[in-house]
Each structure stands twice: as structure tokens, then as C-alpha cells.
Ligand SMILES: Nc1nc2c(ncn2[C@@H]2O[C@H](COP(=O)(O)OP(=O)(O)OP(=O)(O)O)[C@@H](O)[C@H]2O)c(=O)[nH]1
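Single chain ahead, by itself, as C-alpha cells, in the form predicted alone.
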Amino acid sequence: MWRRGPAGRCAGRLPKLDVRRQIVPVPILLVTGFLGAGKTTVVNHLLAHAAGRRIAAVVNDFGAINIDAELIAGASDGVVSLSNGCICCSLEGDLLRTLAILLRRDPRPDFIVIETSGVADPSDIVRNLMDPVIWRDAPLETVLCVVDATTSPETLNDALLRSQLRTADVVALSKVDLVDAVGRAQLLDAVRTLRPAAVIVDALHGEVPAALLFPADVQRVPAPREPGPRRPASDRFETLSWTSERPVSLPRLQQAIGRLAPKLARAKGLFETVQQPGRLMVFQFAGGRATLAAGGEPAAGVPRARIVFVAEIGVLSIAEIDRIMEECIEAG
């Protein structure tokens, strides 16, 4: 079963916010970064170490299958309450409508974290959040840009990555354990050139100091910010979402990913394998690296394999992925 979709945008009509005026606003943390940079890992860490804060996480996943929401909250849609008082919801309408729903909750969250799509220009989202009706109850406090530390300085010439960095108050370098001191220093110099005002921190395993992200005084409303110039909208990436009602062969899957890797910008998925029936594996591919981790138990009525592939438009065809991925299913 295949679904194809372009990069989504955070546009839409402003909904009426029928919320009671509160003395204490709900600050927003906007998490941006390119495909596979590690945004979900950062959000996971924030939710797992909330320290008594009621955090509402809004996941704007790229693709038809909302894998990120499953990794964060154990559910694919709706609003899911977590044991530590946090909640997670998927962005299924426009952003402003989702924020209005969160602000109506009782009790309201202490903070709202918005994880953008890896191909979203944060300046467009900032522009939406500057609306006076939103700003009154949910002001944008911090923009965090997550950057893969293995990224070459030349890669930062990409217009989208530059826009993500130039919007950031804090830049978190993920995967710092995968780069040497020379490579890290070169990337730091490139980031500082693009965004000299940003605070740059290492974020091993998604850990970013909360003091950099959340205000000490929640009653202090930050000043509105300039979202930056509007870039011409263009669809650069597309998704191909593959599902199977049968488990996959892990050795064959590894071979398939090896064949597809040169054309992929990102891939992620959940699947059951022939080698370990009754148990899901979590698959991630970014920056030319693939990882597997143990997941939970398969849910009834859900395909046993679900993988989202992200590539530049026209690089991959449905027929090619179909042919390669079907080889991962053992006959019998």
C-alpha cells in the first residue's frame, strides 16, 4: 500500500481562540532542524525529564505515517496523556487550531513544545505565532535548532538549513559522539558565522539544559520577534510510505536499505521481523547511517511493517521502492 505526499506547510486561517484570559501565559518552544537531525530525541528527553512541568508536545511529522508521535507517546493520533503530567498530540489540522485546542485544556499546560517537520521553514511558523491572539496566551519563548554534528560546513549552504539556523536562539549539536574534534570545530565556526547570537550546546542523547529553553519567570512575556524574509514556497521532498501485512526478513531489509541509501534523505519505520516474531523493531536512517532498536509489541489491526522513505522529488519512483522492498518479504 502506497501513499505519496509533498512537504506540508503550516498555513491556514486563524481560528477564533475561545479561551479564558489567563494571567500566566503558556510559553512556546519551537524545535526545528533538518531531516534526521535528532529533533524527536530532544523532545523525548524533554518529556521524560519534565521535572514537574506539564509539557504539551505537538508533533508535526513529515509523511503519511506519523512514526514520530508513536515514538514519543505510544500512539499514532489524538492526545495522549503521559504519566508525568505531560501530553502529546499530533498536528492534524493547521498549527493555530491545534494550539487553540491545547489552550482550552484544564489544566492548561505549563509549556508547549512544537516539533516542526524536517523540511519546514521555521520563519513561516514564527510568522504564524506572531499573531496577536496567539501571542497573548502562548508567546514564542525559544527557537531551538538541532543540527547533526556530522554535518559538513558546506552542507550549511543549503537555503533551508540556513533559514533554520538563522531563526534559532539555541543550536543543539546532536550525535557529537560520531564526529572528531576537528570536524566539530569546523561545524561550530560555520554555525557561528550564520548565527552569531545563538547559544551552541552539545546535545548527546537529546539532552539540552532546560534553563536554556524554558523561562525562569513564566509571567514574563518575551518581545515579539521578526520572522525574517518569506522564502518562495517550493516542494522539494516527497514521501513514499510502504506497509506490509507480513513481517520482513532482517537480512533482506538490510540489503534493501543499502541499495536505497544513496537516494534517501531520511527513512524511519516500525516493523516485525521473521527472526523475532511478536516484537517490533524501530528503524531510523539519517545522514547515511541506519540504526535499529527494540520496540514494543505489535498492535492488533495495524500493518506488521510500516516504513516512510523521504527523498528529493523525482529521485525515487514508486515502482523502484516497491520492487526492492517486496524482496524483504519471505515467500511461504
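Predicted model, so just to flag it, every value in this text is computed and none were measured. Note that residue numbering follows the sequence shown and begins at 1.
Omitted from view is the form predicted in complex with the ligand, to which the following refers.
Peer 1: Of the residues Leu178, Val133, Leu161, Leu250, which one places a heavy atom within 4.5 Å of the ligand in the predicted bound form?
Peer 2: Of the candidates Leu178, Val133, Leu161, Leu250, Leu178 is the one lying within 4.5 Å of the ligand in the predicted bound form.
Peer 1: Just one of Arg225, Arg97, His205, Arg166 has a heavy atom within 4.5 angstroms of the ligand in the predicted bound form, so which one?
Peer 2: Comparing distances to the ligand in the predicted bound form, the residue within 4.5 Å is His205.
Peer 1: Pick from 35-43, 296-304, 271-279, 49-57: which stretch has non-hydrogen atoms within 4.5 Å of the ligand in the predicted bound form?
Peer 2: Only one stretch qualifies here: 35-43.
Peer 1: Run the contact test on Thr151, Thr155 and Thr193 with a 4.5 Å heavy atom cut-off to the ligand in the predicted bound form and return yes or no.
Peer 2: Zero of three within 4.5 Å in the predicted bound form.
Peer 1: May I ask you to state whether Pro122 is within 4.5 Å of the ligand in the predicted bound form, using heavy atom distances?
Peer 2: Contact check for Pro122: no, nothing within 4.5 Å of the ligand in the predicted bound form.
Peer 1: Is there a heavy atom of Ile28 lying 4.5 Å or less from a heavy atom of the ligand in the predicted bound form?
Peer 2: It does not: once the ligand is placed as it appears in the predicted bound form, Ile28 has no heavy atom within 4.5 Å of it.
Peer 1: How about Leu264: is it within 4.5 Å of the ligand in the predicted bound form, going by heavy atoms?
Peer 2: Heavy-atom contact with the ligand at 4.5 Å: absent for Leu264.
Peer 1: If we check the ligand in the predicted bound form, which of the residues in 292-308 reach within 4.5 angstroms of it by a non-hydrogen atom?
Peer 2: Stretch hits: zero.
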